[in-house]
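Below, in structure tokens: the form predicted alone, a single chain.
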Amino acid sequence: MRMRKSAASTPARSAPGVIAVFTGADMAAEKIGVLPCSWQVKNKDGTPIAEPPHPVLAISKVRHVGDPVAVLVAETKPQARDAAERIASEWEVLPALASMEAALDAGAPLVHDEVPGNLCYDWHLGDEGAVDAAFAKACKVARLELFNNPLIPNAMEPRCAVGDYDAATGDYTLWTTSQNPHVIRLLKGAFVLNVPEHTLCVFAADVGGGFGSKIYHNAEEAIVTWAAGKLKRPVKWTADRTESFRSDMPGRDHVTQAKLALDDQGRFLALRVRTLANMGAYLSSFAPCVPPYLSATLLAGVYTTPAIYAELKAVFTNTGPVDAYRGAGRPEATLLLKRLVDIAAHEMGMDRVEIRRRNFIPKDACPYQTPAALQ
């Protein structure tokens, strides 16, 4: 949706207990940076990925449910909730893309005007010629189409952030339920607040459940730190359950087509995998690296597959950003292989255990170099 009118309104500012209301325009006016992506991937032709800016607060366009447009600071949480209901905006509803297939269609609306075709990157790994040759002489081919659905975090302990500012020293302090406080400190100082790293102190004490869902730099961490500096007093945010579902980043969301070529003895000859990986509306801290480097490089598994070729397209849609969660890429590769090998056993009329034994990497071959980059 496109914002026609500022999200901050007079009724909210004058509500009981309200200290301040800030919008994306306020942050932009103070040269606050965008939330950065800390991993890069290159396209097949060596060009860099498309990385559109990810503002801490949306300024003119909201691209997914949960994309924040304003921050309201009040004396108490109930006062903040009541005042937030008085924030009024005018919106123009734009076409939305919920699926990767729709986002890649010719003529589809763009999630970001500067990203043609909604394609974040087009990446590959392996020897395509060797794979084509192996499939040409295959006795059987096992095929699989797999939808690895988004996996939503749901920790009993929601994310929380408290920002503080020392006017005497100019130093900021953030207490956050983070699994990676050092990365938060680096990214927030260098790319968002644009302050020297030595003026930032980040504490992560009782983190609670995480499994990756508390490892990225989230907008709320930047907001409470910046707001504390503006107001010269501590600012706290704690997610409720609904906010967690809207703002905690899921993992997965892949659509994959895979083929496994076999000889007449049930031995693997080659594996070809094509995947669409959803990035959501923006790139989160580690999102781009998960499908290629943490999943595609594991497609050999424990098998002596001589040739592997993987193609991967990362796509922008009007859904929430994804990132590393619960294994980050490894479960996707493992599920694909387990399902595909079971199908191969059925195609060959073989026992599922026997076809695995026949293709295991032998002990005396280790360390074994796979055709998918990893040993």
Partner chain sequence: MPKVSLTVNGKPVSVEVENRTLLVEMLREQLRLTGTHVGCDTSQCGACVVHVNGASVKSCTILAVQCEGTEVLTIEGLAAPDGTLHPMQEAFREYHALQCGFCTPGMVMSAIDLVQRNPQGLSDREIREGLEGNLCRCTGYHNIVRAIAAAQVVMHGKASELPRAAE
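Remember, it's a predicted structure, so these values are computed and weren't measured experimentally. Numbering follows the first chain given and starts at 1.
Absent from the display: the form predicted together with the partner chain. The rest refers to it.
Of the candidate stretches 143-151, 282-290, 170-178, 78-86, only 78-86 has residues whose heavy atoms lie within 4.5 Å of the partner chain in the model of the complex. The partner chain is not shown here, but in the model of the complex it comes within 4.5 Å of a heavy atom of T242. Though the partner is left out of this view, V302 does not reach within 4.5 Å of the partner chain in the model of the complex, counting heavy atoms only. The closest heavy atom approach of A98 to the partner chain in the model of the complex falls outside 4.5 Å.
Put simply, V93 is far from the partner chain in the model of the complex: not one heavy atom of it is within 4.5 Å.
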